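Single chain ahead, by itself, as structure tokens, in the form predicted on its own.
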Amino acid sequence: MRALVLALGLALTSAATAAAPAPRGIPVILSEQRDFPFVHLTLYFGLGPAQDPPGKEGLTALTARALARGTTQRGRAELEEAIEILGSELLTATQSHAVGVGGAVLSRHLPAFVALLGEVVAQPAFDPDEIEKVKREMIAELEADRDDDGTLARMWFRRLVFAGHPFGHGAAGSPRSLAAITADDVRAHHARYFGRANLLVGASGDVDRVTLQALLDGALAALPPGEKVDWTLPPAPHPGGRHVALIDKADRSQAQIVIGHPSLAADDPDFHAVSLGTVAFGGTFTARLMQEIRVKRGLSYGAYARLAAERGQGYYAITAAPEADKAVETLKLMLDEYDRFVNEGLTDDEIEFARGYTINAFPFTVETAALRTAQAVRNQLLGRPADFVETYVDTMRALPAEAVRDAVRRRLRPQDLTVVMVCTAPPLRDAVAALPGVTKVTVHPYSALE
């Protein structure tokens, strides 16, 4: 296994040194793989929902989706036909730290595909009728999300744990905020942020750097500079005590529980240590949290902990989905185990098992050219050091167990938590309020998420 990790490390070094500016200053991360005539190519813009104006949450995602609805040269149908002729499709995605626009294509069609991408991002039509269609689609998707209790719990958790913070809403915003967005808002947002200042290109497959840079140089010549996104965000406030929000839905046979708080950003020096501790606590089937909740007591099919890797401000979350009559018992155990994890600490054996699992699983995240590019792009967009991927295994191997316990104690806050539980609230409210450390219980209709 060590030989495999070292071999992959050499491949990663090659991919990392392939990151360089294109002739017009566009940074490109390229991992070549010449044995199959296929290329993955995505244009990433380093912004996210945090850049949505107040009252118009969802603007970034709406703008990204509207890019694929026609250009100044082609209407929506003509654009879709031009892409389909190449045997490809145009994909857009909005994450917390980036917007991606791209797809995969046979290498012989790469010049035409790059030209179309340049047209899409630099010359979008933003037809008002198409924007209204996108808004209706996004609102319908939000309504569908409310019908899924797990998704609903995560939506409420983000809203409450980041209350008053730019991260306090999801990418899609809300029906009310989407309805307030106009075509002029979309055009202005695009002109401000979807420019060369925030652009990073990720590519992999059957293409060399000289060819790719020449294609990008021509296709993106009309892309304006735009305004560089400032990722200096205010810290999210920690709650004082344990605040429980019961999201009331009638006739629930199961409860969806998410507990957590704001936490480390992806580029924080303690991220590796807390991440390794999280794997030991709740990252695998054999981790402590799963053993206590599922294996020993059968309270929930799964129970996991997660340290979210986000730019500027992350969060820590623990999840489980017990039967309704076991919800309070499960929540108490989750709170107790989180407190024990932070204040009593992991054993050396738990940390060593998590270390081995993490190191041995890592090669599967970089085994193809596309994955290597994705890793390098993601880490650059998250503001991490350029050698984050190359040094990951050595860093994890060198972390002392006491450093893991120390980082967990310093950076996690089991006494100050936001707890979200999607459930039928009235039968559970008093029992939840009586749990140790709970300082406030509120009840919210599940449909009140705005």
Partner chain sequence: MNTLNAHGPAIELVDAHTAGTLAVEKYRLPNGLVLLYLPDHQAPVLSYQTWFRVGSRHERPGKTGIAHLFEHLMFKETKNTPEGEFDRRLERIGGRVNAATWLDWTYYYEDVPSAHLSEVVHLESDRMQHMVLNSDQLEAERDVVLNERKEYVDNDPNGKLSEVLWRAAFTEHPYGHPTIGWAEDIEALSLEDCLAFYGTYYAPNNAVLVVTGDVDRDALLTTIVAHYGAMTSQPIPPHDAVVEPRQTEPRRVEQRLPLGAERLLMGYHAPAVTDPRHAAFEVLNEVLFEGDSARVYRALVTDGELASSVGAFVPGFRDPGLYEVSVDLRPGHRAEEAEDVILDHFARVAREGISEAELTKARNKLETTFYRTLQTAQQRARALGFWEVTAGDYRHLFTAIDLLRGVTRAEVQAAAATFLAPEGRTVVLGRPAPEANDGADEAEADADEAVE
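Superpose the two forms; the largest set of C-alphas matching within 1.5 Å is the rigid core. Quick caveat, the model's predicted, so the values are computed rather than measured. Positions refer to the first chain, counted from 1.
Only in words, not in the display: the form predicted in complex with the partner chain, which the text now covers.
| Hey, of 232-240, 108-116, 169-177, 182-190, which bit sits against the partner chain in the model of the complex at 4.5 Å between non-hydrogen atoms? | Going through the listed ranges, the match is 108-116.
| Would D208 count as a contact of the partner chain in the model of the complex, using a 4.5 angstroms cut-off between non-hydrogen atoms? | Looking in the model of the complex, residue contacts with the partner chain do not include D208, since no heavy atom lies within 4.5 Å.
| Using heavy atoms and a 4.5 Å limit, would one call R74 a contact residue for the partner chain in the model of the complex? | R74: no contact with the partner chain in the model of the complex.
| request: Give a yes/no on whether P322 approaches the partner chain to within 4.5 Å in the model of the complex, heavy atoms considered. | output: Result yes; P322 sits at the interface with the partner chain in the model of the complex.
| request: With heavy atoms only and a cut-off of 4.5 Å, decide whether P363 touches the partner chain in the model of the complex. | output: P363: yes, in contact with the partner chain in the model of the complex.
| query | Out of Q95, T151, T284, Q123, which one falls within 4.5 Å of the partner chain in the model of the complex, going by heavy atoms? | reply | By the 4.5 Å heavy-atom cutoff, the listed residue in contact is T284.
| query | Taking the partner chain in the model of the complex, which residues of 122-146 have any heavy atom within 4.5 Å of it? | reply | Stretch hits, in order: K133, R136, E137, A140, E141, E143, A144.
| query | Hey, does P37 budge by 2 Å or more at the Cα between this form and the one not shown once the core is superposed? | reply | After core superposition, the C-alpha of P37 moves 2 Å or more between this form and the one not shown.
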